[in-house]
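One protein chain, two forms: both are listed below as C-alpha cells, the first as structure 1 and the second as structure 2.
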Structure 1
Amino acid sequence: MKLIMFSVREDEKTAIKEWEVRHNVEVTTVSEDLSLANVDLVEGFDGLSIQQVTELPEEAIYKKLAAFGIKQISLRTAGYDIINAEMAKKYKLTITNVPAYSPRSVAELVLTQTMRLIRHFPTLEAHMAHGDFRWRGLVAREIHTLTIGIIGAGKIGSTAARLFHALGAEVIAYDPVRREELEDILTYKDSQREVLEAADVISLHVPLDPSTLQIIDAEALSQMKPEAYIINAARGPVVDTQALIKALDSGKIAGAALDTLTNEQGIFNQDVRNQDLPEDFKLLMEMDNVLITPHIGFYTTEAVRNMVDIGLDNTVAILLNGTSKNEVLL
C-alpha cells in the first residue's frame, strides 16, 4: 500500500515516520496543498490525505483522482467544507475527517487566554514595551470568583468547562443540546442572552454554520457586563468584528482574546511583515485590551499526532474495509 500526504508540515513528520513503522506502510509527503496544478503527483498511489484551507472546487481534480484509482480523500482536519461535495459523490470518493484531535488543546488555550486577560497582561505588556512599569490600578480577579460562560458546550466547550470548574469557577452554558453528564460541572441557561448577561468571561465554542454566523453581534455584545471578556477560539465569522471593535473601543466590554478572525486566511501562520494588514486587524492589534493568537488553539504535540494518526488510519480503513468510522456525510 502506498499513501501520499499533501500540506505536510515539518512538525508532522515525526508522527508520520512513526505511523509508517507501526503499520509498515510507505507514506510520501508533499509540502504543498493539493491543487489542479499538482494532482498528477497522486498517480501510482493507493490512498490520499490532505489538510488545507484552500478549496478544491474543480471537477478535473476529482476526475483525475478517480482515473488514478483513488477511492477516498482523508482530511486531517475536522472541517471538510473545502471539498466539492457534488464532485466527490460523482467520482465516488469517500471523504473522512478527524472530528476531534484534541479538545484539550483548544480548551487549554482558552484557559491561558482567560488567565492573561484577567491579569491584564495585554495592557501591562503594552505599557512596559515603552518603559512604563506602573501597576496602573489594574487589580486582578482570582479565577475561583469568576462566572465563566460557555456558548456551545460540545467537545471543546465541555472540556474548557471542566478545566474552569476544577479551578473553582462557576460555569454556566448555553447549548440547544443538553448533556446530562455535564450537569455536575455547569449550569445550563435557557438562552445565550442569560449567559452573556451573567458571565465574567464568555468563551465561544459553536461550529460555524449559517445559524451561528455573527451570533455575537452588537446586540449580543451590549448584553455583556462592561467588566467581562470575550474569547473566540471557534471560528472568526461567529463574531461581528466591526461590532466587537466598537464594543471594545467604547468600553462596553473589558477585552477580548481572539484565536480566530474573519478573513484570517493569508494572514495567520504567514509572514506578512511586508504587507498592509486589513483595517480591522490593525485596529484590533493596536488595542491594549485585545489578545490575538494566530489560530494556534489546535497546535499541540498531542493534537498534531492525532491528526496524522487518525487521518492515516482513516485512509487505511477505507482502502482495506471500504468504510471508516470517520466518514462524513456530504
Structure 2
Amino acid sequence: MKLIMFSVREDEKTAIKEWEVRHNVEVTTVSEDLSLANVDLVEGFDGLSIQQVTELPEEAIYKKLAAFGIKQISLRTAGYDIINAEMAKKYKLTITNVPAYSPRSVAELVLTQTMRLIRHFPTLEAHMAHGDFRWRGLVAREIHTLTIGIIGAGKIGSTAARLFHALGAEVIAYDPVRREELEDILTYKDSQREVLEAADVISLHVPLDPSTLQIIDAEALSQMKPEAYIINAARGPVVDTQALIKALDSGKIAGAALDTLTNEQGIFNQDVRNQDLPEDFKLLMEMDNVLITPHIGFYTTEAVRNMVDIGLDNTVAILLNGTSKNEVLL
C-alpha cells in the first residue's frame, strides 16, 4: 500500500514516520496543497490525504483522481467545505475528516483569549508599546463573575464549557442538539438570541455550512451587551466581518478575539510583511480591543499527531474496508 499526503508541514513529519513504522505502509509527503497543477503526482498511489484551506472546485481534479484509481480523499481537518461535493459524488470519491483531533487545544485557546480580553491586555499592550504604562481605568473582571455563551456545544464547544465551568463561570449555550450529559455544566437556551443577550463572552463553535454562514451579522451583534466580547475560533465566514468592524468601532461591543477570518487564505501562516493586507484585516489589526491569531487554535503537539494518525487511519480504512467511521455525508 502506498499513500500520498499533500500540505505536509515539518511539524507533521515525525508523526508520519512513526505511523509508517507502526503500520508498515509507505507514505510520500508533498509540502504543497493539492491542485490541478500537481494532481498528476497522485498517479501510482493507492490513497490520498490532504490538509489545506485552498478549495478544490475543478472537475478535472476529481476526474483525474478517479482515473488514477483513487477512491477517497482523507482530510486531516474537521472542516470539509473545500471539497466540491457534486464532483466528489460524481466520481465516487469517499470523503473523510478528523472531527475531533483535539477539542481541548481550541478550547484552551478560547480560555486564553478570554483571559486576555477581560484583563484588557490588547489595549494595555498597545499603549505600553508607546511608553504609556498608565492603568487608564481599565478595571478587569474575574471569570467566576461572567456568563459565558457558547454557540455550538459540540465536541469543542462542550470542552470550552467545561473549562469555564471549572473556573466558576455561568455557562449558557445554544445548539439544536441538546446533550443530557452537559446539563450539569451549562444551561441550554431556546435561541441564539437569548445567549447573545445574556452573555458577557460569546464563543463560537459551529461548523461552516450554509446554515451558519454569517450567523453573527449586524442584527446578532446588536443583540449583544455593549460590555461583551466575541471570540471566533470556528471558521471566518460565520461572522460578517464588515458588521463586526462597525460594531467594534462604534462601541456596540467591547472587543473580539479572532483566530480565523474570512479570506485568511494566503495570509495566515504566511510571511506577508512586504504585501498589502486586505482593508478589513488592516482595520481589525489597528483596533486596540481586538486580538488576532493566525488560525492556531488547533496547533498543539497532541492535535497535530491526532490529525496525522486519524487522517491516515481513515485512508487505510476506506482502502481495506470500503468504509470509515469518519465519512462525511456530502
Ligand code: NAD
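For clarity, a rigid core is taken as the largest C-alpha set superposing within 1.5 Å between two forms. Note that the coordinates shown come from a computational prediction; the quantities given were computed from them, not determined experimentally. The first residue in the sequence of structure 1 is number 1, and each one after it adds one.
Looking at both structures, it is structure 2 that matches the form predicted on its own.
Superposition on the rigid core between structures 1 and 2 places the CA atom of residue 188 less than 2 Å from its counterpart. Annotation for residue 239: C-alpha shift under 2 angstroms between structures 1 and 2, rigid core superposed. Rigid-body analysis between structures 1 and 2: the smaller part rotates 10° against the larger, C-alpha superposition.
A C-alpha shift of 2.3 Å is found for residue 54 between structures 1 and 2, based on superposition of the rigid core. Taking the core as the reference frame, the CA atom of residue 69 shifts 4.0 angstrom between structures 1 and 2.
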